[in-house]
Each structure stands twice: as C-alpha cells, then as structure tokens.
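Before any questions on how it binds or moves, here is one chain, the form predicted on its own, in structure tokens.
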Amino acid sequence: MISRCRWLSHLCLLFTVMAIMACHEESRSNALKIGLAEEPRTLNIWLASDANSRKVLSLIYQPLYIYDPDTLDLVPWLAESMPMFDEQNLTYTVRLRKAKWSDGTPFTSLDVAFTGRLIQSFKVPRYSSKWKFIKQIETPDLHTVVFHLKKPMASFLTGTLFTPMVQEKEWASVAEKAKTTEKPVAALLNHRVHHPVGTGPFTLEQWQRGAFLHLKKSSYFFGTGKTINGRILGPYVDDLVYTVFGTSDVAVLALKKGSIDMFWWPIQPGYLADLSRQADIRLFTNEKSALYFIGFNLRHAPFDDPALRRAVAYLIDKDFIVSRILQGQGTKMFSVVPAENRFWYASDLPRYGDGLSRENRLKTAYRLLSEAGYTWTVPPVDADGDIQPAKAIRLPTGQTMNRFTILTPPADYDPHRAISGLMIQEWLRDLGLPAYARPMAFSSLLQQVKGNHDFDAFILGYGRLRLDPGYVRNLFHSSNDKSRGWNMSGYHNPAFDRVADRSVTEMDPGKRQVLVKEMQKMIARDLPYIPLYKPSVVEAVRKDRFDGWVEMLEGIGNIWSMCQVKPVKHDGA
C-alpha cells in the first residue's frame, strides 16, 4: 500500500509539473527543458556549493578562462588571449574581451579587480586559497588586468583564472553593508540574490520555487556569433526551463514522455536497458574526474609495511569491480590522477595484478609476503604450487596478524563502495589475511578516519576532482598529517614532500608536469592509497528535439553544450 501511494504521488507530481510547464511555455517551442534532481539552493555565487546551484549559475557568471572540451587546454573566455607572464616581476597580464553585463553595462578590468579584492577581503570560502597569493591587482586600462604575485604559484593558471567574475555595480554596496555586521562573511554569503547580473549566455527570467526555474538567452552575451576555439557560439535556444524532480523514476518517465529534453543527472544502471530501447532518447557516456580508492593507516602495523600494501594491490581484481559491481559503468584506475586528465596523468605506473588470473594474483601476493618475512601456519600455496585455504598469517616479527577492519560507507549511501569492501575482504582472506569489511555511517567514518586516525583501512572517494593536480600534494604531504587534515593515511616521505613543494611553485607547465608525474610514481610505489575505479557519467537526452551536445570530461552538462545545442530540423519544418 505504501509503495502504491508513493508511486501515485510521483505520478501526481509529474502531471502537475507537466501542466505548469505547458502553461509556462505555451508559445515557447525553442525552450530547452531540463530536469534536475534537486532544486538549486541559492543564486548567491559565493554561497553556491551544491551541484544544482552551480549548474544554473555557471551559465550566468563567467570566468576569464575555461577548459577546451577535447584537450582540456586553457581557452580564453572573458579574456581575449592567453595570459602573459613576466618572470622577472612575477606578474601576469590579461587582456579582456569587449563584453557586457546582462544589464547592458560594460564588463571591465575594474570588475575583475573588484572580484579579486572582495574574495581577499572576506576570505570567501572555496575561493580564498586561489587569491591569497595575489599581492596586487592593477588596471592600467579598462581592458587590461595585471596580477602581481607574492610568490610563484602554479594554481594561478588553473584556479585563480577560473574564478567567476562578478559586477562591481551589483556587489559593492552588498560588500560594504556586510563589513558593518558582526559576521561579515556570513552576511555576504547569506545575501539574497534575486536577479544575478552576469556575462554569461543566459540570464534569470523567473524562479518559481518548488516548480521551475526559467533562464532566457542574454542579448549581451559576448560569445554570440563568435568563433571561439573553433566553435561558433550561440546560444541557439531562446530559453532554458529547469524542473525539479524528487526521484529519478519521475524524471526518467518525464524524459520518455517528452516533458523534458534532458535529465541533468547521471542515469543509474537500472534505467539504461529501458532507455536504450527508446527511439527518441540518446545516451551519452563520459568519464568523471574522480577517484575511488582503498586507503591504509601507515601509522601502525600491519599496514605500515609497504610489502603488505603491494600484496593487497595484487589481490584486488579491479576488472571484477568495474564489470560486476559497477555493471560496466566505470573505469579502473592505477593512478590518483584520472587517465582522462591527459596532460598530468602518468601512464607508466605499475598495474599490480592487472590481467592476472585469480590463482596468479594469489601466488604473486604470497611470493611478495614470503620474501618480506611473513609466514603461515598453513600457507595459501602448498609445496606443489597449488592453491589451498590459508591459516594464521604471521608478521615478520613472528606475531600473529590481528584482525583488521576495512571501513566503508553503508550500502544505502554508496552500494558500490560497500560491496567493493566486502569483495576485497574475501580476496584478502584467500591469502589468510584476517580482513573484515564494516559499513559505517558516512559522517562517523570521516570522523574515525580523518579526525581520530583510528582505523586500519577504508574505502572512500572524491567524486569531482579539480583538473589541476594540486590535490596530489594535499593528499600525501606530511604537513597535512593532522586531525582533519587531507593526509588521512599518515604518509611521510621527505622525497615526495620536496617534489610536491616544487610542483606548487613551478610556473612552467611542462616542468611542473614532470614533477607531478614523479609524485604519482612515488604514490604508486608506496601505495598509501590503492586507486580502484571511477564511475562513468551516463546522461540521457531527447534526440528528436535538440542536438549539438558537446561531450567532455564530466559529461555533456557544460557551457560549451549550452552554447552549441540547436533545435532539430525536421523534414517539412
């Protein structure tokens, strides 16, 4: 009865949404209708940390540079050319395009300087670290910005220049008022934005909370009709109408019925077979910039021994995880940098156990541990070289290995990581390792691992890694081995720290690339983390209404798509 009531409520929601959208768009045939999993939480760019708010605001507020969808190279966006570096004076000069805000006023270097100074003044979360090393911002003319750096910082190119620019006219009074309050940062973040002013391809027309959000094409977008990076930009649609669906069931039903043209959320494997049979639906599969891994506590036995960690790496069957647990919707990983991040990825890393049979995995792991001084009451490989049930593994000290726990999120939070933990438990037990997978509430797991450092091993993931590889230093630098620090494993390697520190200040991308690849090699050798997989992004659209979607890392929901998508021309139309 409960299930039936829930299904009926979903249908009622769908019909209500369809009716609202039909009324709202009666004469708007050029509207691209997009389904969202949740409603955006805010239109305040400084507060927006949720995915759905960012999806909307990324089409309104624009940065100086963006990434090319094919190569991930830097592309001038609000800037008209690549930044010019003066190594002697430690400055970057950026020339700006002639652009206008959505209220028709010019976008100038003064807006860029105001954006940076606002971030620095308020230490705006998520942005402050990208601007704190900027000593001075000069504006010699309205279309030139000169950034003076306190010290060389590689993240200027991949962080600072990607900051969304805000209009001084809109935010100056807001900032001044916030400074007079007891908590200025909170006042800035909690400022209610009703009509954001941006330089993007769309502007806000209406937001009916709980029903829909409507963006219309901006008549002032700088890119319209221009060829940028080989693409002639639109937008070629007049309106974007976002509708919020409480469940994927309702959203997928709306997509099949043609009530929406795109569901901007990854499609779960359970829907794929049905959607692939729909003649008017197209599925896109792209990779995520993500990392899911098993990590170890290197602060105490048994995982303070790199030989044991390498043996575990041989035992883990990543092909099984991707094909069976992820149902083929993912990619196995061998580095902490995704392979699709081609410039920074080190391809020549060891691939422990890749392509080996289960038997050969066990034999290799057994050989490694035997050579490292481990013994068994009954070894996993007998005198004839055959596999047998192992019993009572002993550390090189002669002490019996105590049982250890692999912490995972619960299945209702992430079934992939929970099931992976159970499978890894069984693979380790085949070698005689007393492994026990234990699901734990996510917040408790983070406290146990990141706060208390009270764990043996854990499975976690980063679902959206920045393309800049600076996170590799953060995850493994010894200075971050502290409560709530990023170095959860307690990895200490002075050689890694030296290379990582050099990578932060190396301004030449080619030289920095060499350093980043060396860091990956050290991690792949020492294995504080064993990279496991990253899930794919599968998205669905109606192909009978619009085409021209641009695929890139993280999927088709990007600024390039929204500037390229066009209505389908039907015969006789």
Partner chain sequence: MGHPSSLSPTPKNTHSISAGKQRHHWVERFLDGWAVYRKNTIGRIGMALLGIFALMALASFVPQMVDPMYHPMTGVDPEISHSTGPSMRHWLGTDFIGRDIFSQLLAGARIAFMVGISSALISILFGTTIGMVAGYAGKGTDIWVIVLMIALFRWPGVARVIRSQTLSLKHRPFIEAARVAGASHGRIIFRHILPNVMPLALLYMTFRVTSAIIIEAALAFLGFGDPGSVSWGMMLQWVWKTGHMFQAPYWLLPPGICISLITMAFYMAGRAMDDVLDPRLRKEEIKP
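Numbering follows the first chain given and starts at 1. Keep in mind that what you see is a predicted model, and the values were worked out from it rather than measured.
Although not depicted, the form predicted in complex with the partner chain is the subject of the following passage.
**Student:** Pick from Gly490, Gly432, Pro439, Gly116: which has a non-hydrogen atom within 4.5 Å of the partner chain in the predicted bound form?
**Tutor:** None of the other options qualify; the answer is Pro439.
**Student:** Work out which of Ser444, Thr377, Gln388, Ser478 lies within 4.5 Å of the partner chain in the predicted bound form, going by heavy atoms.
**Tutor:** Selected residue: Ser444.
**Student:** Look at the candidate spot formed by Asp249, Ala411 and Leu422 and say whether the partner chain comes within 4.5 Å of a heavy atom in all three of them in the predicted bound form.
**Tutor:** Yes: Asp249, Ala411 and Leu422 each sit within 4.5 Å of the partner chain in the predicted bound form.
**Student:** Within 4.5 Å, heavy atoms only, one stretch in 169-177, 322-330, 72-80, 396-404 touches the partner chain in the predicted bound form. Which?
**Tutor:** Correct option: 322-330.
**Student:** With the partner left out here, check for me: in the predicted bound form, does some heavy atom of Leu253 sit within 4.5 Å of the partner chain?
**Tutor:** Output for Leu253 is yes: heavy atoms within 4.5 Å of the partner chain.
**Student:** So in the predicted bound form, does any heavy atom of Asp274 sit within 4.5 Å of the partner chain?
**Tutor:** Taking the distances in the predicted bound form, the answer for Asp274 is yes, it comes within 4.5 Å of the partner chain.
**Student:** Given that the partner chain is not shown alongside this chain, does Pro415 nevertheless sit within 4.5 Å of it in the predicted bound form, heavy atom to heavy atom?
**Tutor:** Contact with the partner chain, yes.
**Student:** Indicate whether the partner chain has at least one heavy atom within 4.5 Å of a heavy atom of Gly373 in the predicted bound form.
**Tutor:** Close contact is absent here: in the predicted bound form, Gly373 is far from the partner chain, nothing within 4.5 Å, heavy atoms only.
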